[in-house]
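Following this are structure 1 and structure 2, which are two forms of one protein chain, each written alone as structure tokens.
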Structure 1
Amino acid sequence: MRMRRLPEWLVLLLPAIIVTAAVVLIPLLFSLYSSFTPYKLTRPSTLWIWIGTLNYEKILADWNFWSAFGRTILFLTVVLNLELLLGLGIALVINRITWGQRALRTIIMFPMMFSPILVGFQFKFIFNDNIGLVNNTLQSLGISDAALPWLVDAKLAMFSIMFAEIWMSTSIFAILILAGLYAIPRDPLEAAEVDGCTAWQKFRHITLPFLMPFIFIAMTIRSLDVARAYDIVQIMTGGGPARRTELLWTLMSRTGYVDARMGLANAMGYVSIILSIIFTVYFFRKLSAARNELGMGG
């Protein structure tokens, strides 16, 4: 009997295909399917009830979802922009320093080495209204005598979370922009000096265009990262109090695991993925435009 042999490339790829299917494709399809059911973790049989787009309709009419959605966009915008500015500043300073540059480069990476959970606990303590470092400092310096409700007040709580997020991840921007600074050729900078540029004009007209691709790479990475912000928020405020710091992922996890409404949570997931896709596409467009401008595209 003749065995039909599979083509060689397929045989070689098969393990990878099987693993990918098992860990990515099947869960993805399963979650997509479940978003069309009233699936509750506590009642597995609900998985087999088809309710069409009911979950999606619910979400679109849900005020809580949309305010978490809006808050996530706000969070993204503020955090990305501040991280960019700070990262750029840090990179420019480090690039200037001639002595101790290596050591500094390593030091600014430290925050990235901590687990986000630990960072969350650390800032939860720092911003605690009774025993926290911030309030204690403010009080002993006499700047404020009341205990500021850092993690309770809606605005202050958002601020505190953003602060923690920025503290942890600014170095990604700093490192990528520093790489960009190292990659800038010297000639155009010299030409600009001869052409009469001040330090600021040189930065504005030469350095910055050369940095743009690096900035957009950092933006892409970080927008995906921040859009799924969960751990720090969960530890510091748990999305509360009273949903004041609710972001998409804290809402989703509460819906899925606390309320056990997995079908609904999955539907939320699919709606909010749109956010990540929009940001990614936007920054990638910008990235290739910036690269084209420098003649690196193709």
Structure 2
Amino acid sequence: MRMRRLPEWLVLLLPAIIVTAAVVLIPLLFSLYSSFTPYKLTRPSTLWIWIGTLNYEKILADWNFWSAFGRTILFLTVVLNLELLLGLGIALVINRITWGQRALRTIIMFPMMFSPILVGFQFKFIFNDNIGLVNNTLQSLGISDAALPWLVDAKLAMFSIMFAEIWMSTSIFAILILAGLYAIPRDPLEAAEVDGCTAWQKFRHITLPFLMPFIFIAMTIRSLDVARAYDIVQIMTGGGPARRTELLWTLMSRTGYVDARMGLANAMGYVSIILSIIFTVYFFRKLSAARNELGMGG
């Protein structure tokens, strides 16, 4: 019996399919299965005990989870909005500059080139109580008499983490918005000038609507990143003090690797996906609406 040959396109794609299945699909299915078990890293036999939705029921009644969920929402909201405002401001300034634009575009990309772990260590030193750059500067200028507990006080610690995250990723907004500014057609702006429109009116009614698709693309990308923030938080505070800066992914890490309750941690991971899905769908709808308003929808 003659064997049937596989299509050439399937032969070419087969290595990628195998690697994707091994690296993504199999671990994903394994984590989903383990979320329905009491799997503990210290007791491998618990992987084969089926408990149904008990882990998910525990999560719904767990105050620590919902506290971390609320802090993640707060963190995401503040960081995204400040990154948007700062990125928009930087892009508008660079767009008005007529000399050295290429150098400035390169400079604003530097923060996003750093590893989040490196950024975490950098700002952990900057906000250090005793030898940190911020406290030394404040005391040298006479603004503060004593060292401020930036990474120990709950509110100051959350501010410090947000500051580090914003410093690292504002450039994403700036670059995408700058690309939008370069793509704006000149005819509407010139017509507005002829009609006597002010700079604010041109920005409000011409520039900003044209930039909205670029803004929502940046929002979508960053919402996924910020919702799973881990590196900077873990390095700077470890979720402390007293879990006051613990976000979803630091809580999952502690539950899975410190408490060894991997089944419960995986269940938390799948519940937290809801957050990412909600923000992604919301921003994609906004993006589609903005594109349709400009006549760019397909």
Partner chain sequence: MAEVSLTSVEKYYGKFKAVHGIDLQIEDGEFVVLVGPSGCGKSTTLRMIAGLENISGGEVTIGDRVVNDLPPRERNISMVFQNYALYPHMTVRENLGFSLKIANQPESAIDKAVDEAAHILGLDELMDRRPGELSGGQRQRVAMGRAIVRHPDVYLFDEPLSNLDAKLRTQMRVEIKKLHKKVGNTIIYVTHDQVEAMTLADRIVLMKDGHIIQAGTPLELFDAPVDTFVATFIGSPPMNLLNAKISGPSMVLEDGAQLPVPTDAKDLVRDGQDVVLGFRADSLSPVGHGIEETGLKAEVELDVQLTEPLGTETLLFVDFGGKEVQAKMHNPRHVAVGETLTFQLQIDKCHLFDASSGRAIRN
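FYI, numbering is relative to structure 1, first residue = 1. Just so we're on the same page, rigid core means the largest C-alpha set that superposes within 1.5 Å between forms. Note that this is a predicted model, so its numbers are computed, not measured.
Do you reckon the form predicted in complex with its partner chain is 1 or 2?
Structure 1.
Using a rigid core superposition, assess whether V281 undergoes a CA shift of 2 Å or more between structure 1 and structure 2.
Not so; V281 is displaced by less than 2 Å.
Taking the rigid core as the frame, how far in Å does the Cα of W9 move between structure 1 and structure 2?
A shift of 4.3 Å.
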